[in-house]
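Below, in structure tokens: the form predicted alone, a single chain.
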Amino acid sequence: MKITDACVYPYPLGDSSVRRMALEAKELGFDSIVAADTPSSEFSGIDVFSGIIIQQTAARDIASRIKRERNHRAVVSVQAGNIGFNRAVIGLKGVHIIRGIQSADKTAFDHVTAKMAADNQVAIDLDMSPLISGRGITRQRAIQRYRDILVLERRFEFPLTISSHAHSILEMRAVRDIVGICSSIDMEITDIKMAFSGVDTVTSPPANAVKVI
């Protein structure tokens, strides 16, 4: 199992270089990171996956963007929108992760969307930043939304990912700390392990079907 922080923001989006964030991730117990708008690379045994994060736009424009992307190691994420948008995006080949579900309307992800995510192996990201640095309503809303997502995940078994969304090495957290935070939203240790390896799950090619003759 590869333990991955599914989204960090190196310089110039953040204030730490991708190399420094990769080395910090290694110290914190990670095997890999997804770095926004950064080429894929490797530092001291830490894999850095290029992260493409697409803000809300028409689904057809997202499809065109994915077709133009030549980096096959890139992890493609789309910011969550309303339920119609989310269903359309989950159906697009090449989309790996839906982000920002904690900020979307509570009706934006239902049992139908959950079944689609499971069928298409599209992950729902659990952004830890509202739980680490959020206060008041922002934090409480994220906790409740994640608990709602976990209810659906246990029923439909779609992939999850875990992201720090760190813009600096100071915002990154150790694996053991994130395990503790996830426990506070009622995640079981098996769920946490699977979410840490969620990037591998959604980027691995589907297993070839075996035909018995």
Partner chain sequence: MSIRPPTLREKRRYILIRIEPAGAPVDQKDLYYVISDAITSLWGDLMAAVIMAAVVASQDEYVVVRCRRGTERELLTALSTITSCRDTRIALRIVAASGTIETLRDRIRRVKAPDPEYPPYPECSFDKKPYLIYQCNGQKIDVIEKGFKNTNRLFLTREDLEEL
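Just so we're clear, the structure is a prediction, and the values are computed from it rather than from any experiment. Positions refer to the first chain, counted from 1.
Below, we turn to the form predicted together with the partner chain, even though it does not appear here.
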query: Segment assignment from 58 to 66, 176 to 184, 156 to 164, 33 to 41: heavy atom within 4.5 Å of the partner chain in the predicted bound form; finding: 176 to 184
query: In the predicted bound form, the residue from L131, A118, L92, A74 that sits within 4.5 Å of the partner chain by heavy atoms; finding: L131
query: E188, heavy atom within 4.5 angstroms of the partner chain in the predicted bound form; finding: no
query: Non-hydrogen atom contact E171 with the partner chain in the predicted bound form at 4.5 angstroms; finding: yes
query: Exercise: S17 in contact with the partner chain in the predicted bound form, heavy atom 4.5 Å; finding: yes
query: Exercise: I192 in contact with the partner chain in the predicted bound form, heavy atom 4.5 Å; finding: no
query: Residues in 20 to 59 with any heavy atom within 4.5 Å of the partner chain in the predicted bound form; finding: R20, L23, E24, E27, L28
